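Consider the single chain below, provided in structure tokens and representing the form predicted on its own.
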Amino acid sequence: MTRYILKRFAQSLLTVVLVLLAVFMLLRLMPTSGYFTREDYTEMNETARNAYLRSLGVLDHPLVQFKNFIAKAAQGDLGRSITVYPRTAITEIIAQKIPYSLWFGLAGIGISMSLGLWLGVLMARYKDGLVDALGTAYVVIVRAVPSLIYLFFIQIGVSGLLGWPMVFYEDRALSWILPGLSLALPGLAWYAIWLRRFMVDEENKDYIKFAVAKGLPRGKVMSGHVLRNAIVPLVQYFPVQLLLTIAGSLIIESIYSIPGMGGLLVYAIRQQDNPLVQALVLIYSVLGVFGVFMGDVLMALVDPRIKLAGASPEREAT
């Protein structure tokens, strides 16, 4: 187990480095005007601009810049914002933004897991019935329609129908509901459809048919055998839920004007604030890859049928 975890951790670390390197190099193709505030850029002449860029290390070889960025990031120094929050330490900016993204992200994951599993159980329990048809229709809409379209209708429709605020207000609890629910919609659909599939597959297995033939109550068979075994494969898809939440936060925070990291990343890209973009991409890539890593480890822990790397021949033979 230890060898497997270390191997997956090394692979995850390499993935983060490669993702960050790709983004870092792409940002180097952007105009250097993104390293200046508007006032500084108009007031400086060409010589002063080059001297300023040289002081930032922007004129160094891209690989040298990347090495310096990684070295400083390892020490907790993510640089300073240039155009969004001029000359403000990025760590200070993130410290102010991360609580919003964290709490809405946790709320989205909690809502999607609880409601998604509940809906999946109902769809499997009443397969080919009205509940299953309605649940399938919901899943198809969420997965087939671009998220901006149905999120727009939810924001306008629910706000107009119930009188809830259309944007986020920190001092108005009603304005927290729509963003949390909107963030949970993709994950909810995902959990529902996959749990339904796994439960239907389990129901068709011989041991379930044997249990029913013995006279065990259907409810006990569904909860004690079908549901219990169907949930195990869902563990490996936890990273997908985390990635959906991260991706969704970029849209949800922008739509509802939530002052979190998702909206900040979108705005930083628009303002060509390269240091801030690099720092946020680093954080999001670490979260995404860490989610995949944890999904692999959890799957290995909950499913004894998985053979871990380094297992002895005797264990594999058994």
Partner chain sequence: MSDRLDSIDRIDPALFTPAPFDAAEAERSGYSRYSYWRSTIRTFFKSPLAIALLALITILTAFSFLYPLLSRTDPNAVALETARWNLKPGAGNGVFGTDGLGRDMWARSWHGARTSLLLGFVIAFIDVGIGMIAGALWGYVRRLDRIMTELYNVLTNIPQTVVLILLSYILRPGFWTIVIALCSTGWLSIARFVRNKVITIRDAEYNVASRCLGTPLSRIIAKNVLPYLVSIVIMEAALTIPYSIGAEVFLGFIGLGLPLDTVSLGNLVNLGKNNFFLYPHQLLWPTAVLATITVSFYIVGNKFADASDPRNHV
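Being a predicted model, the structure only gives us computed values, none of them experimental. Heads up, when I say rigid core I mean the largest set of C-alphas that superpose within 1.5 Å between the two forms. Numbering follows the first chain given and starts at 1.
The following text describes the form predicted in complex with the partner chain, which does not appear among the structures shown.
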Answer key: of L134, I149, A71, I177, within 4.5 Å of the partner chain in the model of the complex (heavy atoms) is I149
Exactly one listed stretch (152-160, 75-83, 107-115, 209-217) reaches within 4.5 angstroms of the partner chain in the model of the complex by non-hydrogen atoms, and it is 152-160
Quick one: in the model of the complex, does every one of L53, V58 and L63 get a heavy atom within 4.5 Å of the partner chain?
no
Heavy atoms within 4.5 Å of the partner chain in the model of the complex: does A173 have any? no
Q) Hey, in the model of the complex, does L298 get a heavy atom within 4.5 angstroms of the partner chain? A) no
Taking the partner chain as it sits in the model of the complex, is V23 near enough to touch it, meaning that at least one heavy atom pair lies within 4.5 angstroms?
yes
R143 near the partner chain in the model of the complex, any heavy atom under 4.5 Å? yes
Those residues of 18-32 with a non-hydrogen atom no more than 4.5 Å from the partner chain in the model of the complex are L18, V19, V23, L26, M30
With both forms fitted on the core, give yes or no for whether the Cα of L265 moves by 2 angstroms or more between this form and the one not shown. yes
